[in-house]
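Single chain ahead, by itself, as structure tokens, in the form predicted on its own.
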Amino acid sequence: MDILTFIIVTAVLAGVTYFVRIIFLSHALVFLYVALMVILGISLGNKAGESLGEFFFADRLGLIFYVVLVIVSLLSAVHYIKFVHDRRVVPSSVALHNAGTILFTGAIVGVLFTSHFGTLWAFMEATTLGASVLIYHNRNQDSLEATWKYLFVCSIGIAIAFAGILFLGLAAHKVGHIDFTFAAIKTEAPRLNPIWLQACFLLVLTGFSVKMGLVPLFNVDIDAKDASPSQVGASLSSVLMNAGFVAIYRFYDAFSGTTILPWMNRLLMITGLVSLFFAAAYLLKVKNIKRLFAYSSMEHASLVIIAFSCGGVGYFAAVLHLIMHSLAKSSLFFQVSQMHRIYASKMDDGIGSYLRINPLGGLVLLLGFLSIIAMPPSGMLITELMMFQALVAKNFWWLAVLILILVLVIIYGLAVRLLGILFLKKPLAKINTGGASPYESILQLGLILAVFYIGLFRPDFIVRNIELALKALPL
């Protein structure tokens, strides 16, 4: 299967799924789509590094995050079956959600494999439409407000990014006609006016910050993860964050051979530091578990951008950190769904003794907590150490100390909430122990163990593919 055919099938299957009102069949269509994703992945893997026509290419970075997308999509589909059963979701809502899932996932596939700045922007806009359908799922006041906020602010962000692409077009026009593919722009970038390139990158970073969960457009991302079902929050905190990173990376890579490289690194560093500060400040006060994990995702997005801005080993650390964060954070969001079924609450003061009431789910929460705070044997400890290594190599000692302080503040905020949920006895309302789901927890535990495995053994095929994906960047 080629990528263009897959995009067409995505649109057709999303349309068909919308009209299917038999719940079992609706779920089956999503699993069929995931199977098609696996087939496409095998096809693209055999063509790694090759062009796939005018608008697509089998990019290694895209392939890395595509594997993560397939894994998260499959587990989200599995968890949604249980969600539908427990919440007695009506067939029309299931149909709309599953159609939105296919549209959202297909748009991310387009972001990962497009080789053209124009189509990159179009696919990123499509993720907004797909995500909005998913956020509105619960059809209450909170989800409606979050959906409209997400649509409005994301549209502003995408418009800002489009303005950046217009500046790039203006720069290209000054030197004659240039194809808007990544390769063509990268080749011609040293001839382009650096002022226009700086304006382009600033606007693109600002616009796509809404997808990655960074300053300045991070608030709607937090609200969306809170108001949507937990499996949707998992996707927004993992695969959509990855897509936002890839979009920013494409512009960074294209301009990396020009004189604005140091300026881009400073801008990324400032964005990461400010985002990390806001994540720490908000996380200390929040009591809503879903928002807690949402701000934790903002923290990790900040660390990724900071590491990437340092270059060298920081490039590698950023990509590997995103992979592991996607797996760990997805498992935690999936687990929140069980917690809500048991306690009918997502506030930390309404959840207690979780390790005793749901031992397997509590184990997932405990190990997931250790993963996201980068405690051994979490693989994220390795990537965060690489980040500090990159900072020291650049003689950013004072920044390393500041980042360490902010990270410790975040760890404290997470520990106070999550350890209380796991171990403290609290005056609780009636508890539904039947809400625990061992098979769901086993799947989530598998994701966390994968994070531990990557950190302990750093498999050669992962390391090799990341190095090949980043080899074009300056040292």
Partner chain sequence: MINFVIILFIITLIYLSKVEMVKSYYPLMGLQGLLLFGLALLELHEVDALQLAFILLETLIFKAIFVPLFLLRITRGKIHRHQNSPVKGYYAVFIALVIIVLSFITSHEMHDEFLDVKYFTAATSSILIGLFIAINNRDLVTHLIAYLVIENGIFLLSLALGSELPMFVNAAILLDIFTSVLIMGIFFNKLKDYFQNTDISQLSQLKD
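In this text the structure is predicted, and so the values were computed from the model without any measurement. Positions refer to the first chain, counted from 1.
The form predicted together with its partner chain exists for this protein as well; it is not shown, and the discussion that follows is about that form.
The listed set 394, 191, 87, 149 contains one residue whose heavy atoms approach its partner chain in the predicted complex to within 4.5 Å, identified as 149. Listed residues 159, 183, 363, 261 were compared with its partner chain in the predicted complex; 159 is the one with a heavy atom within 4.5 Å. No member of the trio 343, 348 and 436 reaches its partner chain in the predicted complex with any non-hydrogen atom inside 4.5 Å. Contact with its partner chain, judged by heavy atoms within 4.5 Å in the predicted complex, is confined among 310 to 318, 87 to 95, 116 to 124, 233 to 241 to 116 to 124. Proximity of residue 295 to its partner chain in the predicted complex falls within the 4.5 Å heavy atom cutoff. Not displayed here, its partner chain is kept clear of residue 201 by more than 4.5 Å at the level of heavy atoms in the predicted complex. Though the partner is left out of this view, residue 382 does not reach within 4.5 Å of its partner chain in the predicted complex, counting heavy atoms only. A residue is said to contact a partner when one of its heavy atoms sits within 4.5 Å of a partner heavy atom; residue 55 meets this definition for its partner chain in the predicted complex.
For the partner-free chain shown, 156, 159, 162, 163, 166, 167, 170, 173, 174 of 156 to 176 come within 4.5 angstroms of its partner chain in the predicted complex, judged by any non-hydrogen atom.
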